[in-house]
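Just one chain is shown here, as structure tokens, and it is the form predicted on its own.
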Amino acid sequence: MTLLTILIDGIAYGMVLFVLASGLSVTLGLMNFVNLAHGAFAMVGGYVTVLLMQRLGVPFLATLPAAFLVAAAAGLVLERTLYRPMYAKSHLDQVMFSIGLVFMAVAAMKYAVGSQQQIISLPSFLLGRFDVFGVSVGRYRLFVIVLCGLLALALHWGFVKTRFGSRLRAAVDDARVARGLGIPVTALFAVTFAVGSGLAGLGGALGVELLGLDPTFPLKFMIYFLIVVTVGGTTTITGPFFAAMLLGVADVGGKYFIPQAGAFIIYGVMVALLILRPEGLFARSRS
């Protein structure tokens, strides 16, 4: 395996981490809500893909929008019923509340579908590798890179260049003043939370092949979501994107060259980056 092959595999892994963590970056950074149950929405998206393919024979590509929509709908319902009363609570209360949701989701999924690892069959055009100037490139990893790259551009444009993004930033900075200006803060938060949950669901669907899927998914990958958001910062989409790329490449490269180090590599990179940039990559002041 060449260095370029490791780099491409690491970027693909980082892209999935970014999509999985981008929703948490939105809810934590823009809405100032600590939602540690974010991985549960990713798990929902993953199981939507698995069940649609295994039980109904739905093609893999058709399951991706379904994973986004089901996770977004679940997020919207829970935001209206359970999360909304927690917005005014302390971060400690939010952490305890969302941790409780994680354990409930894990237990519910284990009861519903069992604890076994899930496997999907990708379409033939996404299987295997091909050579580009002597570099072996995985078809599915290239598909993930292209799809997630376009998604990252769309997210950046949506939050920076659109009226929705400017209204959301205004609502987060001062909700009372934003309401006085006629901005529908409650509806903005609901839509934003649903979009964040949907992104997690899409990331979970894309990650079944690369990360695996079982009912402990929210617990196993919670720390990875937090590392991406912590290193990237919570005030932009750009920071978590580059953080996910760095961590993905470091994790894949570390496991290939020094597998005995295990997850130490990704934690070491996190510590080094936080020493250099304690507020996160590309952090901007809230003042």
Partner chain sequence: MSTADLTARVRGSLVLARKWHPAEFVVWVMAAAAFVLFPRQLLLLNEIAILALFALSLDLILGYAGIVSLGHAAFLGMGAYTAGLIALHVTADPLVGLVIGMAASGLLGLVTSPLVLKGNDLTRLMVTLGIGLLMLELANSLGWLTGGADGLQGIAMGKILGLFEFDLFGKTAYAYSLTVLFLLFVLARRIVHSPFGLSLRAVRDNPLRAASSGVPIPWRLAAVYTLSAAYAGAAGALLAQTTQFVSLDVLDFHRSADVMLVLIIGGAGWLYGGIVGAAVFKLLQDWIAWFTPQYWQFWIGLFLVAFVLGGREILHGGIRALVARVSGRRGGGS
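Numbering follows the first chain given and starts at 1. Only a predicted model underlies this, so the values are computations on that prediction, with no experimental measurement involved. In this text, rigid core is short for the largest set of C-alphas that superpose within 1.5 Å between two forms.
One more form of this protein, predicted together with its partner chain, exists but is not displayed; see below.
No residue in the set L69, V77 and F159 has a non-hydrogen atom no more than 4.5 Å from its partner chain in the predicted complex. Among the residues A190, I99, A73, L153, the one placing a heavy atom within 4.5 Å of its partner chain in the predicted complex is I99. The listed set L52, L64, M222, L246 contains one residue whose heavy atoms approach its partner chain in the predicted complex to within 4.5 Å, identified as M222. The partner is not drawn, yet in the predicted complex one stretch among 202 to 210, 174 to 182, 91 to 99, 129 to 137 has residues with heavy atoms inside 4.5 Å of its partner chain: 91 to 99.
Not displayed here, its partner chain is approached by Y111 to within 4.5 Å at the level of heavy atoms in the predicted complex. Residue contact with its partner chain in the predicted complex: M270 places a heavy atom within 4.5 Å of it. In the predicted complex, its partner chain lies farther than 4.5 Å from every heavy atom of V58. When its partner chain is considered in the predicted complex, T236 lies well away from it, no heavy atom lying within 4.5 Å.
Residues L82, P85 are the ones in 70 to 85 with at least one heavy atom within 4.5 Å of its partner chain in the predicted complex, listed in sequence order. Taking the rigid core as fixed, one finds a CA shift for L273 of 2 Å or more between this form and the one not shown.
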